[in-house]
Ligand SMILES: Cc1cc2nc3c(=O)[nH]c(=O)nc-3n(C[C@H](O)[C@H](O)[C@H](O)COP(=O)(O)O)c2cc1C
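What follows is a single chain, given as structure tokens, in the form predicted on its own.
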């Protein structure tokens, strides 16, 4: 299918579903429990109505945003997504290459299919690193050291996995690495020859960043092994302060949904927070990110950089997030759907869709610059 006929992120999702084996697609697409939070994220954005202001000169419109001293060309970057190699081999490299070329941030997951050092070399000015704190904290601190030595620009500490999530799709699919070649899985892979050939050339996906530490985890023996490397119920403020001391660049706390958590992030010296419910992948009864954003922005926005991910599927969603207090916005699934559908072209196509929709929305609401968006562009009933 030609890219110019793929007009929305949902179009890309539909095509990716056809091209990626069910095991890999469900891993990306699924959520925790009933998956209600995935729908809640989209419903949250849909509930925000914008207020158009006309009789303004909208000839010039500007989407550039400056964050931590770097001016990016688009108001949306690539959020961390782990083990993207099961969706399409080489996804991390494709998206990092796109981010460097298009001047947007790319956040590498600690449980990525590509190493810290490789991504830093691909996108030296645009690569950020997202870390999970293991209970064996020395491994996580060594990965932080590696990210610093490689030149990663921003450290993103994810704090919303105190226990493993129960994702029914993965359980029903028997998600393990390497894949257990049940007859249904073999048949599904045989029906996806492009994915199968790409995976054969690339080799089996594994948790590349853990290769120096734990062979079983690096090789991806099982989903439980994967979850074990990212879970710690001991994410105290004291531990966060140790991370703050170990990292001398900008540091963000990701997974914040309450003003209390945002205030705690401020106390430990973080430079900002990412308002996120992990894309609905941790629990099915949490607020959407866009619902949680305004209170957090009001509480700490004058002192910290406030960002958002989870549920962003359109340029209108991006604009709504800036209106409600975001300083920057990310999407993870959207970009990986793009690669699953279009491979190397996918990241660019997703960014083109977002940029076009943001530009049209700016013109319609009467705001020349993304950075000038605010509550005055949100419709409020009297």
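In this text, all values refer to a predicted model and were calculated from it rather than measured experimentally. Positions refer to the first chain, counted from 1.
Keep in mind that the form predicted together with the ligand is missing from the display, and what follows is about it.
At a distance threshold of 4.5 angstroms between non-hydrogen atoms, residue 349 is out of contact with the ligand in the predicted bound form. Using a 4.5 Å cutoff between non-hydrogen atoms, residue 80 counts as a contact of the ligand in the predicted bound form. Of the heavy atoms in residue 40, none are within 4.5 Å of the ligand in the predicted bound form.
Interface membership of residue 332, defined by any non-hydrogen atom within 4.5 Å of the ligand in the predicted bound form, is confirmed. With the partner omitted from this view, the residue of 85, 75, 279, 272 that lies near the ligand in the predicted bound form is 279 [heavy atom within 4.5 Å]. Taking a 4.5 Å heavy atom cutoff to the ligand in the predicted bound form, the contact residue among 209, 109, 288, 140 is 109. Considering the ligand in the predicted bound form, the lone stretch of 67-75, 92-100, 279-287, 236-244 in range is 279-287 [heavy atom distance within 4.5 Å]. Residues of 18-40 placing a heavy atom within 4.5 Å of the ligand in the predicted bound form, in sequence order: 27, 28.
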